[in-house]
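Have a look below at one chain only, the form predicted on its own, in structure tokens format.
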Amino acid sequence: MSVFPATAAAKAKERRASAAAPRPGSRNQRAAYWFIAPLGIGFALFYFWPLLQTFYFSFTEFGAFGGHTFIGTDNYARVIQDVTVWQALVNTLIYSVIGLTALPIAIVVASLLNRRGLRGVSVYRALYFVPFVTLPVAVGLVWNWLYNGDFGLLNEILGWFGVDRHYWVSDPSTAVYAIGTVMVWSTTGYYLIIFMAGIKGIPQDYYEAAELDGAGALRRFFTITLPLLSPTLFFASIICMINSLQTFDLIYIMMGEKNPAIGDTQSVVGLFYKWAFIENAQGAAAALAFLLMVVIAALTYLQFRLQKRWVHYA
């Protein structure tokens, strides 16, 4: 009869000992939290807290000498009813579509630079990457000179073939596409580096086996390179779309403030800048910024949903 109480007491002692002993991996977990703490704190202070502030200020109106008052959803009503907002949104979507053309260009150039036996690859890679690291102010000034309707280099070259001079940046019918071309030119090198790294990660055995089976370069590109590069392409497409939707500085430098085509080229971020810092309508600008964030999040979510149909993970 005395065995059972002793056994119960022993089991209770074992449970207390196991509870007091440190769990396996708990020290590593605490160390991991300490390592990610700086990033988490920085994210909370510089991203999440400004997001909450922007959402709050979107329901307020700022006075001329500071201070703000709560006005409900009036700012969102202004954003939805303002024609310039929809024009800016259309322009921004056009910039996004044009910006995405940098991806196929970068893929083709990356495939050409990854050919076996090609010399000077690092030089070509650096030359393509230089426009990306160049300041947008310098890029805008140089391309403004190239596009100049009176003495621009582009009109000089087209004049050799009998094409009349054209004011590319001042004409509303061509200004958006002229700026979009500069965006593609300045970002292609960035995606080129990404795709070159992705192509180098594809095993060469696939190409050698396809070559032994008689597949040409074009066939190998479409049946091996593109499918295995699809995860990299998916990542690059998300980055490209988000950057294009947030474009501002290049447009601001190339268009200036007195360009007759500024209304046909203004992006959503450019309109935000105008409302917040020129017209002193910070509340409406906050509402516009928050709605732009919603648009970016919705398009990103759509991309993640559609990637299951065309992205192939090895």
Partner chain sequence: MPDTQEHMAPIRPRNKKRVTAGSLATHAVLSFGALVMVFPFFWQLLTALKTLAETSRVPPTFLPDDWNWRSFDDVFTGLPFREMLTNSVINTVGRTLGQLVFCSLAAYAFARMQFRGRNVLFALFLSVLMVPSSLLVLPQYDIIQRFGLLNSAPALFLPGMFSAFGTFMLRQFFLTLPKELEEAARIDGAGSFRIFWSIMLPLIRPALAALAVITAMWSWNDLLWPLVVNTDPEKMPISAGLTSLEGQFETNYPVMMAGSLVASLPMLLVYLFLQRHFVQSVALSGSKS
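Because the structure is a prediction, the values reported are computed rather than measured. Take the two forms, find the largest set of C-alpha atoms that superpose within 1.5 Å, and that set is the rigid core. Numbering follows the first chain given and starts at 1.
Another form exists, predicted in complex with its partner chain; not displayed. Remarks below refer to it.
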Exercise. Are any of the heavy atoms in residue 273 no more than 4.5 Å from a heavy atom of its partner chain in the predicted bound form?
Worked result: yes
For this session: Give a yes/no on whether residue 262 approaches its partner chain to within 4.5 Å in the predicted bound form, heavy atoms considered.
Result: no
Exercise. Looking at the partner-bound form in the predicted bound form, is residue 241 within 4.5 Å of its partner chain by any heavy atom?
Worked result: no
Exercise. Residue 190 near its partner chain in the predicted bound form, any heavy atom under 4.5 Å?
Worked result: yes
For this session: Within 4.5 Å of its partner chain in the predicted bound form, counting heavy atoms only, one of 86-94, 192-200, 170-178, 221-229 shows up; tell me which.
Result: 192-200
Exercise. Within 280-310, which residues have a heavy atom closer than or equal to 4.5 Å from its partner chain in the predicted bound form?
Worked result: 282, 285, 286, 289, 290, 292, 293, 296
Exercise. Once everything's superposed on the core, is residue 278 shifted 2 Å or more at the Cα between this form and the one not shown?
Worked result: no
Exercise. Does residue 256 count as moved between this form and the one not shown, where moved means a C-alpha shift of 2 angstroms or more after fitting the rigid core?
Worked result: no
